[in-house]
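One chain follows as C-alpha cells, the form predicted alone.
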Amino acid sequence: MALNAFGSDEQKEPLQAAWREVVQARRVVVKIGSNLLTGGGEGLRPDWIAARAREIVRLQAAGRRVVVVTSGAVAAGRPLLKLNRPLASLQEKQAAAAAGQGVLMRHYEEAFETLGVHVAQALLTRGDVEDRQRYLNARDTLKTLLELGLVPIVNENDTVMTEQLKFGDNDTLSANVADLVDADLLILLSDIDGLYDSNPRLNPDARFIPLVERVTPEIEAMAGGVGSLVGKGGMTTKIKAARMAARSGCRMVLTSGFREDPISEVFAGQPVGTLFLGMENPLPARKRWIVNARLGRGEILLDAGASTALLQGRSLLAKGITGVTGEFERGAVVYCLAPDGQQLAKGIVNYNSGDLACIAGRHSRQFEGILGYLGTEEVIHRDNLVLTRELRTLPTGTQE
C-alpha cells in the first residue's frame, strides 16, 4: 500500500504505530525555507528564528542531535543591494547571497548562543556531494560537529554556483544532508500542512494524506508540477526529498512551519503533517551516493531482456542496449531506460558515450575488434547500479 487516509480508529493504528517510531529518532535534519524565515516579506524574522532555536536546544537536551538546512541568504541580502526591484540575473542573486549569508548566520548564532549552544556554518555545492572524496569529507565534518554538540547550519553556496550545477532547491539539499549524517528523521517545515491528493488552494475537496508508506508514481502525480504549491520547487521537490530519504531508511515529515511549535509537535507523539516512511531494507551507502548525490549525464535505452536482467539484480551488458543519448565520459552516472522510456535504473558506466554507441547491441567478444581495446564485459556492473523504480509488469525476454 502506497498511501493511507485513515478514517476509523482501527484504521488509524498503522499511522499511530508509525508515529511512535518517529519520536524515537535520535539524529534529525530540519529544513527551513525562505518563506518561513521572512514571513513572506522583506528581511528575516529574528523572533521566529529564536523560537526554532529554543525547540532545537530542547531536542538536544533530550539526547538528540540536529542539523539545520536553511534557505534565506538571498532573502537576507536582497534589501542590502537597494535595487528596489526583483533580482534580474544569476549574478544579482549571487551578490544577494554573498551579502546575506553573514546576516543569516548572525541571526542563527545569536539565537543559539543565548541558549548556550554554538552553531557551525557549512556551505555545500553539488560538487561537494558528486565527488566521492568531498562527499566523505563533508560527512565526516558534519558528524564530528554533531558529536561535539554543535548545531550545523547548512546552506547551498549560492555565491559561486551556476544554475546548471545547483542542487536547485533546499528540499533536495536537505535529503542529501540527511544521507550524509545518517539521519533517522528529516523534517521539512513548509507553508502548507502536508500532502494532499490535489492542490488544496485550488480544490476545496482535496484529500489530506497523513501517511505515505512508499513513494509511487501515483504519489508523484499528486505533486501537481514544479512550483505548484510552495517555495522554489513546490511539492514536486518535497516528494523527491522523501524518496531520497527513504533509500537510507530515513523517515520524513512534511508539516507547516507556521504552527506554534512545529518541531516540538513532531515529537509530541501525535500525527502532524504527512509522514513518509523509510525503506525497510535501506540501500548501502555507496549506492545511495550514486542515486541521490550524483547527476545523470546521459541515458541508455534498453531492450526488454536487459530490463529484466537489471530487475533481477544483474549487470548491464552491451547486448541489451538499443540506444545512447547525451555525451559522457567513463565513470559518469547515466540513467537506464526501459523500452517504453520509463526510467529504470541509475549507475556508473564503464564506457564513454562514443564507445558505448559503437558497441551497443554487440557481444563482448566483439569489443576489441570494434574499439581497438578489449574493455570490460559489463557496461554497468551491478555493484554500481541502483534500481530507481519497479516496472508495473516485467518485460519479456532475456539478456545474453
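Since this is a predicted model, take the numbers as computed values, not measurements. When you see a residue number, it is the position in the sequence shown, counting from 1.
Below: the form predicted in complex with a small molecule, not depicted.
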**Message:** Please pick out the stretch from 306 to 314, 149 to 157, 272 to 280, 135 to 143 that is in contact with the small molecule in the predicted complex, where contact means heavy atoms within 4.5 Å.
**Reply:** 149 to 157
**Item:** Contact residue in the predicted complex, from Ser364, Gln343, Gln60, Ser34 (heavy atom within 4.5 Å of the small molecule)
**Value:** Ser34
**Fill in**
Note: exactly one of Val119, Val74, Ile209, Val177 sits with a heavy atom within 4.5 Å of the small molecule in the predicted complex, namely Val74
**Asked** Does the small molecule get within 4.5 angstroms of any non-hydrogen atom of Asn170 in the predicted complex?
**Response** yes
